Every structure is written in C-alpha cells, then in structure tokens.
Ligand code: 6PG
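Only one chain is given next, in structure tokens, and it is the form predicted alone.
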C-alpha cells in the first residue's frame, strides 16, 4: 500500500541553507529516536552547495552516528572526476568527523553486476542485524534530470520494473553510461525522500510529477510508509 501523504514543494529563498537545515533536523530526530541517522546522498552538482551548508550548520551533529549511502554511482574509480563518491568526499565527507566505516561506498571500479550485488549484500547485512526485511533510510536525497530520471533510473530502463532487487547495474544516456543504482523497492522503503532540484527549466517538470500520474521515473518515488519533500530553487 502506498502512502497517502501528499508530496510537499518548498521554494526557499536560500535553497542550500534551508535544505541543509531540513537534513540536520531529520538527523537529530533520527539519532534521538534510534541512535543513528541513515542518509543516502545523491550525485550531480546541486548537492555540492547543500553539502557546504551541512558542514557550516552541522557543527553540533554527532557525525559518528551518521551512516552514509549513495543512491547511485557511475562505474568509474573513486578518484575519477565523474565519481559521485569523489564529489561527496570533496564537498562534505573530508570536512566532517565521520568514521570511514560509516560511509558505504559503491565500488564503481569493479564489474557493474558485482558492484551492485556487493552493495546490495552490504545493505542487506546491516538491515538483517536490525531485523529489517529491507534497509530503511531515514532520509534519501535525490536529484531530477531533465528527462525525469532520478538516481540512475532512466526512462525505458528495465530497472524501472524491478520489484525485488534493491540495487542494480543500469545504463544511462550520457557518459559514463554504466551505472549502479538503488531501485524503487529500496528508495520507497525510506522514511523520507527529499528531491533537490535547481534550475527554472525543471520547474514545470516538478509540478507535473507532484500533480500525480506522471510517467517519469521520479514520479514513482512514493515511500510506502514515508513522505516526499521537494526543494526547488
């Protein structure tokens, strides 16, 4: 059964600062309730400015109680310019006091099928220790492509129809084409999903998706027991 909580669109005057405060609020609440904040980071360029504000505003956050995952990754080594891990490392992870073991990196440098299975197994092992049938994120951050894709779930991809696997290899329309992505079953197990979207050209697309009935992949992110918030700048 899908959640009946309607998505919320926020258009803050200070996009990066308000998105960072939103993340920090969820972090403090999760740590108070369960002792750990499980956060999935997104790729692309928009998160950079949010990461900077997370560092600036999150001095009181116990980063040793934050667990980081990645919604998707390009199949490149971690030092590659296209690596989502590298972007997060440079813009956030190197600046905060988070234990290396709390960062679950997708190994984009190995065979895509192996990387997907390895990541899926890592998340499943952690979920099993907590008695969860599927890993539950406290907050998943996602972006939105001009074609309506999110994570590396692109229009027409077979990964859109996956109902059992949590992580899959997939192919994108832009280089580097080979990707690893979380699937809808995993994304929709989250307690909350926040889309970070900048650029006036995407505003009509956001409105279409939030209105419902959209065929775009991002429109299929509907947590079964959670909520969706759109930050639009």
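Positions refer to the first chain, counted from 1. Quick caveat: nothing in here was measured; it's all calculated off a predicted structure.
Separately, the form predicted in complex with 6-phosphogluconic acid (6PG) exists; it is not shown, and the next lines address it.
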| item | value |
| --- | --- |
| Of 116, 144, 140, 75, the one that lies within 4.5 Å of 6-phosphogluconic acid (6PG) in the model of the complex (heavy atoms) | 144 |
| Stretch in contact, per heavy atom within 4.5 angstroms of 6-phosphogluconic acid (6PG) in the model of the complex, of 164-172, 184-192, 58-66, 43-51 | 43-51 |
| Touches 6-phosphogluconic acid (6PG) in the model of the complex: residue 179 (any heavy atom, 4.5 Å) | yes |
| Exercise: residue 26 in contact with 6-phosphogluconic acid (6PG) in the model of the complex, heavy atom 4.5 Å | no |
| Heavy atom of residue 106 within 4.5 Å of 6-phosphogluconic acid (6PG) in the model of the complex | no |
| Neighbours of 6-phosphogluconic acid (6PG) in the model of the complex among 82-112 [non-hydrogen atom within 4.5 angstroms] | 84 |
